[in-house]
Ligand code: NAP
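A lone chain, given as structure tokens: the form predicted on its own.
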């Protein structure tokens, strides 16, 4: 075993059919490539890189065992010998690196997005536009046969095992949980009957596969929906599954329709670990813990304190393919850490786009973005130390260019530095730590507190400039905009302005919501796991049915009003998978909303505005925070081009509308690729 600071994390474990050299599972996540065999080589390369990077066991994105279980028309499924043959390239790629890989069998049930969906009952899911068909007893048996056939095909394809998705509100969970299953036949009613589907699926699979085939069951420990599964039933099902031959239990937390955040950035590390620890204390097979674990220190502690035997992480492997190798070599600072933003992974899936990663644009784009060394290394200046400039500087240096990075302020980070001050976005500081570590390791010359000129660059022999000077807040033309009560969002987040008691936030985009979050918790912070659970009404012990209990939201002592000129829903531009959380968070905290208004003026009385009917009102406030958009900061561009320098503009300097870190970081990579060709 390699000498490492994380000795438990990198100790071997016997899973039954085989052993793994460490405790790291790359958890299941849909990539958007599973639906087309023409992308399987690309998917195989993606998994191969993660196996090489230290993931001992990989679980694929969900693949349906039946036609009815597909996530969408044409959704990924394992139904035929031909399907098994096309999959073969994936386990072969992982095995070439000494890794192991399991196929996740995911029947979506009523969560599917097609008219042929089925479930325990005909109750329509709030997240699907289609009502499901309630299956008859014979039809249920047909679905069970589909699971067994799919598992058999997975073994033929070369997979080392399967994970049965029995959590997150999908098909099996729709039977096991009393929150939905109201049947009165042998598949409903008592706990034993509701669990029958899960048990029969495992029995059928065990007959269909060999003894060396690993069987993981993802068990819903906390449904996090009203009327969810009581803990006694969770524990009973776990024991019954083990008796039937399940080798490993993976933790499932929350249904997709739950109104509780489970994987977004504001969720503390391993916030639901108590449920996993409770399960592990009662079973005799390895148990995996999951949800918001992104650093090796966290993982090691969870293993040492007996919470679990295995660590399941999905998105952290998107953010850094070498997560495991770096951890084993005690190089935590060099890990490009997942920040839980969902912007390029889950948000992409829900709009039909392939997955990548905000902090790692290479994820699933390795075939398009070359990491080859520059054919003709150059001396390049990067102006601006936000994430666009940091990305460009690191990527240019990785390819052998001599890079000078100039930042006008005394700190690197730009808008990310401000974002990290917003409660729930503290992990954004990890990205800045990663870039600063890489700058040092690659020998990039960093000039802080420096305003550079074209003549200086020319004198230093620099001909190529990456302009990443970012944005400046837009100050609207409005009578009284220079009143002392008016502050910009950046001044507030940097601590240059003190929050008042009555505040109007002008602008309901992403920054307006961030400012409200900042103000909301300035006096009543949600700090740590206990506060988070109490705030959202989560009983992680499982004593309350489904893991829900009375919530105790933190209310701001301030009177906060979020204002917008548009009459659309506040936060319309927020991410699809996280926007609901931010809207609910503000509502729980008592933030007021004004929509469809026209600003008139600001004076000692406060903010004057006209409502949609044209009537004039005064919002009596002591402070107005400007979150009214941004303007590209391109002051240097003309002087640079006039001096004959070649300028490549990226990030906010290129396009300021709705700050987009995903685009900014990707453009940093792309400009490095272009200059290295």
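Numbering follows the first chain given and starts at 1. All values reported here derive from a predicted model rather than from experimental measurement.
There is another form of this protein, the form predicted together with the ligand, and it is not shown here; the text below is about that form.
So which of 476, 443, 461, 115 gets a non-hydrogen atom within 4.5 Å of the ligand in the model of the complex?
Looking at 476, 443, 461, 115 one by one, just 476 meets the 4.5 Å heavy-atom criterion.
Here the chain is shown alone; which of 189, 423, 377, 510 has a heavy atom within 4.5 Å of the ligand in the model of the complex?
By the 4.5 Å criterion, the partner-contacting residue is 510.
Flag residue 582 as yes or no: does it have a non-hydrogen atom within 4.5 angstroms of any non-hydrogen atom of the ligand in the model of the complex?
Answer yes; at least one heavy atom of residue 582 falls within 4.5 Å of the ligand in the model of the complex.
Using heavy atoms and a 4.5 Å limit, would one call residue 514 a contact residue for the ligand in the model of the complex?
Output for residue 514 is yes: heavy atoms within 4.5 Å of the ligand.
Does residue 564 make contact with the ligand in the model of the complex, using a 4.5 Å heavy atom cut-off?
It does: once the ligand is placed as it appears in the model of the complex, residue 564 has a heavy atom within 4.5 Å of it.
Can any non-hydrogen atom of residue 434 be found within 4.5 angstroms of the ligand in the model of the complex?
Contact check for residue 434: no, nothing within 4.5 Å of the ligand in the model of the complex.
24, 27 and 92 - do all three of these have some heavy atom no more than 4.5 Å from the ligand in the model of the complex?
No: none of 24, 27 and 92 comes within 4.5 Å of the ligand in the model of the complex.
Out of 56-64, 620-628, 43-51, 606-614, where are the residues with a heavy atom within 4.5 Å of the ligand in the model of the complex?
Going by heavy atoms within 4.5 Å, the stretch is 620-628.
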